[in-house]
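Just one chain is shown here, as structure tokens, and it is the form predicted on its own.
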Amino acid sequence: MGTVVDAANKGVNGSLPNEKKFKVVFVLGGPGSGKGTQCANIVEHFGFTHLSAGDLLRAEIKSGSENGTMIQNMIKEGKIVPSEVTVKLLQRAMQESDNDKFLIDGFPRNEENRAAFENVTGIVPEFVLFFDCSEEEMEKRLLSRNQGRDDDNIETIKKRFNVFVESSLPVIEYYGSKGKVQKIDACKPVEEVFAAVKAIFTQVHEKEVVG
């Protein structure tokens, strides 16, 4: 019987093909920092494809594939899905897309994810877009939004904050040490946040044109 990693490997051969060069931007921020809203704006204005690791895992489970069944079983058993499995799903989504520019949202969640992504795909992100928002503001937003989400209660919100700080901040610090973090003040109104985002993407695009 194959492992979940074996199943994930089916149809994906090693690292991404050399002839197709992908541009990847990691989008990180705590729960309620506004990542989803801003990713939609970036897609619309700058032509990126938005990939969410969580959405890809859910879609794989829903597909009923061998890989999806294994992922579902691991989640049911309270196990963490191996980083390599999530990376393979992201890799496949990139290979199957007609685009070569991707926003990867909410990933890497930790240092292990980060290392697996770079090792498996051979891709180093262009930069990390970090939505920096105070815990008070994120809490206020999550409690006020009416999306019927079971995880938007105060205890769960605090747990999610703690997980983000413990797991994701080391990733931001790692890329920060390489000069690859673009930090946005995400406490501001949506329009002001996007103005800052737009300035970063415009600047990066201009550098590429000049280069």
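All figures in this text were calculated on a predicted structure; none of them were measured in a lab. All residue numbers are counted from 1 along the displayed sequence.
The protein also exists as the form predicted in complex with adenosine-5'-diphosphate; that form is not presented, and the subsequent description refers to it.
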Open item on the list: Against adenosine-5'-diphosphate in the predicted bound form, would residue 190 count as a contact residue? Criterion: heavy atoms within 4.5 Å.
Closed with: yes
Open item on the list: Since only the chain is shown here, I'm wondering whether residue 184 would be in contact with adenosine-5'-diphosphate in the predicted bound form (any heavy atom pair within 4.5 Å).
Closed with: no
Task: Contact flag, residue 92 vs adenosine-5'-diphosphate in the predicted bound form, heavy atom cut 4.5 Å - done: no
Open item on the list: Can you tell me if residue 68 lies within 4.5 angstroms of adenosine-5'-diphosphate in the predicted bound form, counting non-hydrogen atoms only?
Closed with: no
Task: Site check 30, 36 and 137: each within 4.5 Å of adenosine-5'-diphosphate in the predicted bound form by heavy atom - done: yes
TODO: Answer with one of 178, 45, 145, 158: the residue that has a non-hydrogen atom within 4.5 Å of adenosine-5'-diphosphate in the predicted bound form.
DONE: 145
- [ ] Pull the contact list for 53 to 72: residues with a heavy atom within 4.5 Å of adenosine-5'-diphosphate in the predicted bound form, in sequence order.
- [x] none
